[in-house]
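In what follows, one protein chain appears twice in different forms, each by itself as C-alpha cells: structure 1 and structure 2.
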Structure 1
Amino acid sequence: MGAGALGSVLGALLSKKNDVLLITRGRHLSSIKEKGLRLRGVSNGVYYLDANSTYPGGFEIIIMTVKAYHTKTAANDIKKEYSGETVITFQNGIGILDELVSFDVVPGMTTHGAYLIEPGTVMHAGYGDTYIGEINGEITDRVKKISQNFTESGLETKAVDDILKRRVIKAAVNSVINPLTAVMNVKNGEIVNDNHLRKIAKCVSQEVVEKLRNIGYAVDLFEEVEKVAKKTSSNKSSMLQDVSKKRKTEIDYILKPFINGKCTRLLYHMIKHIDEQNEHK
C-alpha cells in the first residue's frame, strides 16, 4: 500500500517467494502495468508484478509505505475490504501507529535506501536493516514466520522485542538526515562527509538526543546518523525527493516531534517554508 520507491523495492524483493500486489497510482502504476517494475542499483532486474490503485482485499499481509500524512486516507481505503489481515507499517515518523488503531498492526522499520528514477524505474540505493515486532514486545510465532519469509525472499528481517524503541530512534535519525539533505539538496552521505554539514548534523543530533533522553532512550544519536548516512551514502532521502518534485514533505511527522532548540527549529521552519512555497505554485 503506497508502492512508491521504498514500497516498490520491498514488493519486488518479496515477490520472489510471495504473491504481491503493488498499490500505487499515476504514471508509476501505468508504467508497471505496461512494462513491469525495473530496479537498478544494488538490486537489478525487471519484476512483472500485479498493480492496482486500490486495495481489493484477499491478502494475508498489507505492508504500509504511504506517506505519513496519507495514512488516514489509506486506512479508509483498506477498511472497505479489510478482514483481519496483518498490517505491517514501514512508514517514517511519530504518530503513525495512533492512526492505525483499527487494524491488527505489526510495527516495522527498515533502512533500505530507494528513490524513484522515473515512473516504473526505482533505484535501490542501499541495503539496510529491517525489523518487525509486536507492539507488546512479545516474539510471537507470527513475527517469526513473517521474518523468516521475508529473509528467504531476500529482504533480511529480524523479529525483535523492542520495535517501538527502534522506530522512535529511526525517526530521530531521519529527523537529522532528511530535512538537512532536503534543504541542502545533497545525498545522504554528504551530511557526514562535508565538514560544514557535519557540524550542522551534530547540532541537530544534540538537540534531538535530549528529547530521546526525556522519554528514557539513551543513544549516541550522531553515531547512528553517521552509520545510516554512510550505509545509504548514494541515496536521496525521501524528503529530498519530495522537495525536488515539489510534493508535500513529512516534516510534521519527522522533525516537529523533536524540536528542542535553535538548530531543530531553524531546520523545521526552512522545510515548512519550502512546503508552503510549493503548495502555492
Structure 2
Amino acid sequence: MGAGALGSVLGALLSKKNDVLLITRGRHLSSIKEKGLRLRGVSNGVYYLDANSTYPGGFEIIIMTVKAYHTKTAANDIKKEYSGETVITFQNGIGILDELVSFDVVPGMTTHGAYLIEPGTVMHAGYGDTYIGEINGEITDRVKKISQNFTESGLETKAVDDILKRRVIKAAVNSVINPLTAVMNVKNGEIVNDNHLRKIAKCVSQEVVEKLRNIGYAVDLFEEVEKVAKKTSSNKSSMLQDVSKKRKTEIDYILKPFINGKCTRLLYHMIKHIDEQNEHK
C-alpha cells in the first residue's frame, strides 16, 4: 500500500515467493502496468507485478509504505475491504501506530535505501536490515512465519522482541539526519564529516536524547547518527529528496515529537517554512 520507491522494492523482492499487488498511483502505476516495474542497483531487473490504485481486499498481508501523513487516508481506503489481514508498517516516524489502531498491526522497520528514478523505475540504492515484531514483544508463530517467508523471498528479515524501541530509535536518528541534510542540501555523510554541521547534529542529538531518556530508552544517539550517516554517506535523505522535489516532508512525524530545545525547534521551523513555501507553488 503506497508503493513508491521503498514499497516497490519490497514488493519486487517478495514477489519471488508471494502473490503481490502494488497499490500505487499516477504515472508510476501506468508505467508498471505497461512495462513492468524496473529496478536498478542492488535488485536490478524487470518485475511484472499486478498493480492497482485501490486495495481490492482478499490478501493475507498488507504492507504499508505510504508517506506518514497519508496514513489516515490509506487506513480509510483499506477499511472498506478489510477482513482481518495482518498490516505490517515500514513507515517512518512517531504516531503511525496510533493511526492504525483499527487493524491487526505488526510493526516493522527497514533500512533499505530506495529512490524513484522516473515513474516505473526505482533505484534500490542499498540493501539494508529489516525487522518485524509484535507490539507486545512476543515472538509469535506468525512473526516467525512472516520473517521466514520474507527472508526466503530475498528480503532478509528478523523477528525481534523490541520492535517498538527500534522504530523509535530509527525515528530519532532520522530526526537528526533528515532535516539537517534537507535544510543544507547535503548528502548524509556531510553532517558528520563537516565540522560545522557536526556541531549542529550533536546539538540536535543531545536534545532528542533527553526525550528518549524520558521514555526509558538510554542510547548514545549521536553515536547512532554517526554510524547511520557514515553507512549511508552518499545517500540523499528521504527529506532532502522530498524538499528537492517540492513534496511535503514527514517533519511532523519525524522531528516534531522530539522537539526539546533550541536546535530541534530551529530545524523544525526551517523545514516547516520550506513545506509552506512549496504548498503555495
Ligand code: KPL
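Reference numbering: structure 1, starting with residue 1. For the two forms, the rigid core is made up of the largest set of C-alpha atoms that agree within 1.5 Å on superposition. Nothing here was measured: the structure is a model prediction, and the numbers come from that model.
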| property | result |
| --- | --- |
| Displayed copy of the chain that is the form predicted in complex with ketopantoate | 2 |
| Exceeds or equals 2 Å, Cα of residue 230 between structure 1 and structure 2, core fit | yes |
| C-alpha of residue 99 off by 2 Å or more between structure 1 and structure 2 on rigid core | no |
| C-alpha of residue 126 off by 2 Å or more between structure 1 and structure 2 on rigid core | no |
| For residue 190, CA displacement between structure 1 and structure 2 after the core is overlaid, in Å | 2.7 |
